[in-house]
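Okay, here we've got a single chain as structure tokens, the form predicted on its own, with questions on binding and movement later.
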């Protein structure tokens, strides 16, 4: 599957930068392009300068709202971010048009932090404009939710996240949800944490995108999971995860044995990878709420049997009894077995409930505060009406 990735705002741009690095890795390891174009869009020029992989020209690092913000961002005011995205949408569309092999892409992935200003405000607007301009290609959103300490200390964070989630869900074909808090390491520096989290966010997409683009016959799966399968598996709120397990080696060669212990170890490795994928899902959810699910098993060809795929499939079916499930296999080099897992069309997500409930109450409180502030200012103006002015 080939994606056009558009990162909006500081958070979205940095995650998009990791997707660009993922594309470089696919070219090096598999000789395939999985992303014809990766773009970063921002109202802050400094944030765009901090990227390392996305091409540094103005067609890939796109500064919008320069006249209104002076290149210094929107200060977490997502309404302003949305306005600027509407005004400067042509810059983004022009950049997309100039992308080599643009029409070979299968879908768009628009990435943003849900709690910021530029990304939070522009993701729904950009998604809607892209869907209007390119109705034959799905437009997916990847929204990164804020840390718990941000929610506690900044009311605007929760408000922005709720507005962003509601707006984006109404226009995007599917919304991948990523909870930052699930990836954080308490003893690591902020810079190291963010860098590691961004890598963990994009990693589950790697095998899913590469599997359908593979060119070497020996690495093409018996049941290939291609763009069509992925597109049919994505709708609404979506969680994604990936798990790994080592597979048995004898010397430098993989070998298949008829010993029942080897069969048991093979199945155990597969289920261990599924268990890790569940624990590393991008958002906490109940798989029983999923209407669609997908899993891809990747391992050396000799270490993947029909029995292994059946065991994994049976477990996923038990986890998500109401879902339409698609699956595939991806033979590859290396000593690891991995399982990429997606639960989509989720009917209930606890974090979203919390955001909506908090913001519904907060909207009333903010309105009351605003009215109180205006009343106090009006009172001060009345008191100073008869005082002379030097202006």
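No experiment lies behind these values; they were computed from the predicted model shown. Positions refer to the first chain, counted from 1.
Although it is not shown, the form predicted together with a small molecule is what the next lines describe.
Taking the partner from the other structure, the small molecule in the predicted complex has a heavy atom within 4.5 Å of a heavy atom of residue 198. Of the heavy atoms in residue 243, none are within 4.5 Å of the small molecule in the predicted complex. Using a 4.5 angstroms limit between non-hydrogen atoms, residue 212 is distant from the small molecule in the predicted complex.
In the predicted complex, the small molecule sits within 4.5 Å of a heavy atom of residue 76. Only one of 138, 204, 146, 221 comes within 4.5 Å of the small molecule in the predicted complex through a heavy atom, and that residue is 146.
Out of the listed residues 150, 275, 286, 83, 150 is the one that sits within 4.5 Å of the small molecule in the predicted complex by at least one heavy atom. With the partner omitted here, the stretch from 319 to 327, 40 to 48, 336 to 344, 24 to 32 that lies within 4.5 Å of the small molecule by heavy atoms in the predicted complex is 40 to 48.
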